[in-house]
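Shown here is one chain on its own, the form predicted alone, set out as structure tokens.
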Amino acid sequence: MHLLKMSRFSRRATIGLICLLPLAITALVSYPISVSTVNQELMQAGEAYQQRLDIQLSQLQTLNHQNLTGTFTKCERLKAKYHFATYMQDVYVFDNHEVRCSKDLGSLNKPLPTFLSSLVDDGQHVVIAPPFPQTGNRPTIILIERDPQTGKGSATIVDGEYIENDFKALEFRKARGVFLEINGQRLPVNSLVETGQVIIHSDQFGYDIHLLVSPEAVLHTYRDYLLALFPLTVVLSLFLAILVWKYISERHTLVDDIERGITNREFFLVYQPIFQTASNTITGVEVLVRWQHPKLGLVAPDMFVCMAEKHGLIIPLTDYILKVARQELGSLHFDQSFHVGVNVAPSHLTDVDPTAYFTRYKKAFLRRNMHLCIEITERQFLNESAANTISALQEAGVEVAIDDFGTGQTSLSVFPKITVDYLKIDKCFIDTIGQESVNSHVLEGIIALGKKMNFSLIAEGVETSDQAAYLINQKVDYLQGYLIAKPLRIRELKSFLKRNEKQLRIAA
């Protein structure tokens, strides 16, 4: 975590930014919800108005039908019934373009107005008519019913301002504009089609109601959502702040614990024996580190080693391992040179004068007939600087192995620049022995590469006799794994070496 390298102020600032995330998400999510809410409210308002308008138009349609069927046989009855219906500009009962009766003028015998005559000829039923002198220069909605066989018909003219006044009530329902559209004609007449609108269609009369969404209404709804969600967002932000702070604090504490653990010797070493296939004897060990945390118990190496690498503690930890290994193994007596492998991160190779550092330890181990071998993990790429250091170490007599070969980022192009003493074959390839898989062919390639370049091969993770038999048959130089022995504490290692002082039989 790069957060661990920040100053306390920076960590607090970062936590503050992270905790603003719920507010940002709330703000982002609330806006489309607000738009959807306003649209839904406009849809409901528009549908309610459409139902009301359909009822009104149905009543007028019924009136036309009554006029056409002769229900109002006397013009005076029609005039008396609808005289005070101010929303009706007029009602015409006509016969082949001749007006017989008018709501306002009573019985007549004159031609239909020109604007109405053209609509009757076109077979229109519900239309929005533009302003005419006969309609007081105001737009109207006209309903027409006509019997094509007899030529008789009835036309009801509704004042457009009556409809527009109803629209004004809808404008307060979060719409900045409302208009009615029938066959391309609009009421109000000069209404423009714009984006951000809700459309309600009448199947009965074929008109559309357009409601233009008001940005102010959206913002008002948006504000309401933010205010309603603010308490919950604050609670979530505080909860997230606690979690993030606890996580960073714990991680930071664990880094501090590594440093303290080195000082307090909480780390201990185990040694995994290495078996030489040519002599059937144990000729060395790999040194592995474990951590007995006073509170957390046994901490997995994958956790603390990676953390030590990230936060500049791998060099002091490696120094601790080398000192303890020299001390513990120094209590043993070896008649022949004994291999001691210690894992070293590539970042250690770029430290100040690593050649002098490892040469000093090499000499210290050599006094006890132990030969130090540093194992470079392949998790990180070996750059040119590291390659130069490896060459210098070999010139100084320090053996070098590439650990977990085939699983990391080391390119084959590195080998012309450096030479190593050992290639350690990762367990994932050993597990493929006896199986037909891609990795089984990779194993064959690694063994062939090692022989071609005169590298000694160490097979890690050997667990079965079949694996050991295969590797011995392939003339792999060394085996390491639970078949030989698990990682042992120093007392267990002494007993193990004493029991297998001469030879160790591991493969049938």
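These figures come from a predicted structure and were not determined experimentally. The numbering used is simple: start at 1 and walk along the sequence shown.
The form predicted in complex with a small molecule exists for this protein as well; it is not shown, and the discussion that follows is about that form.
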Looking at 281-289, 137-145, 109-117, 214-222, which stretch has residues with any non-hydrogen atom within 4.5 Å of the small molecule in the model of the complex? 281-289
Please state whether all three residues 43, 57 and 160 have a non-hydrogen atom within 4.5 angstroms of the small molecule in the model of the complex. no
Can residue 463 be called a contact residue for the small molecule in the model of the complex at 4.5 Å between heavy atoms? yes
With heavy atoms only and a cut-off of 4.5 Å, decide whether residue 427 touches the small molecule in the model of the complex. yes
Give a yes/no on whether residue 305 approaches the small molecule to within 4.5 Å in the model of the complex, heavy atoms considered. yes
Given that the partner is absent here, does residue 314 sit within 4.5 Å of the small molecule in the model of the complex, heavy atoms only? yes
Of 181, 90, 328, 375, the one that lies within 4.5 Å of the small molecule in the model of the complex (heavy atoms): 375
102, 276, 272, 359: which sits within 4.5 Å of the small molecule in the model of the complex by any heavy atom? 272
